[in-house]
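Below, in structure tokens: the form predicted on its own, a single chain.
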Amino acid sequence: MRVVVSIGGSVLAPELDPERVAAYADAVERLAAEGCEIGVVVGGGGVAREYITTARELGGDEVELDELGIGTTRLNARLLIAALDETAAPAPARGYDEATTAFRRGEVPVMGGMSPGQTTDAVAVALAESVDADLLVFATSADGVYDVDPNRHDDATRFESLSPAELVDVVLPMSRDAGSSAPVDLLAAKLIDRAGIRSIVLDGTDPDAVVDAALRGTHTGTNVIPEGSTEPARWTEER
């Protein structure tokens, strides 16, 4: 079973917490030990936002700000690589071909951002598509996808499952609403729809949740299920 995990920077390294990074490395190693082929994409989180805010106040343009964010995601990726020791490819992959080659070598490719204007959510979907992943897991600071931003609406309702097209429809108005935070960005949602990749959006605060979701399909987040797709065979075996 081939799985790509997108880990938000604020989930992986809140305040650069080494224990959380080590816990995620342990989760990745457990999945690998269970026979999963794993690829990981890491976000920038609060550290990236601090750099971007400071650079914006200094007059940096949007491309420069994006490059700062990309650099921070790659630093976070290196933290995870350090914790994974020999399990991971030795440096963050800077292209999808490089990540695919790491898969073929039996290593865990770890990536950060790729290019200005593209979030690590979108990078994760592109990686999943390029390696024909069976499952894409978004480990976020949210516990799933809601009909409206739960940070701004007390009556927000979480979806148990959505089609990729429905995910696009839900995320689209959030992306237009300044100050809102969608658990998956619009470009990533559109790429999921294009590629038809089965995905899960969940609260990644506890790395064990990613392990349970990948191995058994057990979680409390939101399933994104393409039309005609079936559950990974491993989930049936585990039940």
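Keep in mind that what you see is a predicted model, and the values were worked out from it rather than measured. Residue numbers here begin at 1 and follow the sequence given.
Keep in mind that the form predicted together with uridine 5'-triphosphate is not shown, yet the notes after this line are about it.
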Next item on the list: Give a yes/no on whether Asp193 approaches uridine 5'-triphosphate to within 4.5 Å in the predicted complex, heavy atoms considered.
Entry: no
Notebook entry, point to check: Taking heavy atoms only, is Pro92 within 4.5 angstroms of uridine 5'-triphosphate in the predicted complex?
Noted result: no
Notebook entry, point to check: Counting only non-hydrogen atoms and a 4.5 angstroms cut-off, does Gln118 reach uridine 5'-triphosphate in the predicted complex?
Noted result: yes
Notebook entry, point to check: Heavy atom to heavy atom, is Asn223 within 4.5 Å of uridine 5'-triphosphate in the predicted complex?
Noted result: no
Note to self: Quick one: Gly45, Gly69 and Thr73 and uridine 5'-triphosphate in the predicted complex, is every residue within 4.5 Å by at least one heavy atom?
What the structure shows: yes
Note to self: So uridine 5'-triphosphate isn't shown here. In the predicted complex, which residue out of Ala32, Ile52, Met174, Val211 has a non-hydrogen atom within 4.5 Å of it?
What the structure shows: Ile52
Notebook entry, point to check: Ok, Val137, Val110, Val123, Val145: which has a heavy atom sitting within 4.5 Å of uridine 5'-triphosphate in the predicted complex?
Noted result: Val123
Item checked: Residue stretch of 196-204, 37-45, 166-174, 24-32 approaching uridine 5'-triphosphate in the predicted complex, non-hydrogen atom distance within 4.5 Å -> 37-45
